[in-house]
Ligand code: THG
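Shown here is one chain on its own, the form predicted on its own, set out as structure tokens.
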């Protein structure tokens, strides 16, 4: 399971303030802790107005790279911000994201091609998020047709089947899983990603919901998630679910993590 550490995101109040104040120590603490917790990528999202975002994203990239030797996920649909950030990255990043929206494909896909990046592909288009797995599959087909035509291998595409919060659509988790299965059947080399905590937004005791969704999504084919790598109980759920699903040969990953104190003993 690949993990994209979610915490350096300017939509979070403390991170937003840290970006405004150029608080290097705050951002670097988040970067170090997420890297040490085993993140595959660190998400960097300035979340600031378009005219400020290029400078803010470059500052985030340089600040994080100074202390964490982990590839970054450049979380922006702003071509100017992506162009600026790509000039200063040390390692090939992931880009979040493209979608079925023609303008987004036109503006962002060339960066993916030029720099050999992995890319998150949202199963939505200019009409919004489709309400059925069949319609989301249709969007994914169009996006993958574009990425293939551009020479991007399927293995570098991470399809986000998208989750609406259960508080507004109680079938959201099942729709996500159905979409993953449908896309996987046609495109076996594609990866799947989810912004995990979206599923529980607006509900109490969100961690229980996130853990339940993670387990079901893993069974459906999820192999990457944008999540909080510092959440020990969530990490324990991830390790246990992968073990139960037969993805942990000889139970070594689970038992080694347990002995290393990676999660709390019951």
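For clarity, every value in this text was computed on a predicted model and none was experimentally measured. Positions refer to the first chain, counted from 1.
Same protein, other form: the form predicted together with (6S)-5,6,7,8-tetrahydrofolate, not shown, and the subject of what follows.
- Put simply, residue 122 is close to (6S)-5,6,7,8-tetrahydrofolate in the predicted bound form: some heavy atom of it is within 4.5 Å.
- Taking non-hydrogen atoms only, residue 96 approaches (6S)-5,6,7,8-tetrahydrofolate to within 4.5 angstroms in the predicted bound form.
- (6S)-5,6,7,8-tetrahydrofolate in the predicted bound form is not approached by residue 16, whose heavy atoms all lie more than 4.5 angstroms from it.
- The shortest heavy atom separation between residue 206 and (6S)-5,6,7,8-tetrahydrofolate in the predicted bound form is within 4.5 Å.
- Contact with (6S)-5,6,7,8-tetrahydrofolate in the predicted bound form, judged as any non-hydrogen atom within 4.5 angstroms, is confined among 81-89, 189-197, 106-114, 124-132 to 189-197.
- Listed residues 226, 70, 31, 217 were compared with (6S)-5,6,7,8-tetrahydrofolate in the predicted bound form; 226 is the one with a heavy atom within 4.5 Å.
- In the predicted bound form, just one residue of 65-90 lies within 4.5 Å of (6S)-5,6,7,8-tetrahydrofolate by at least one heavy atom: 75.
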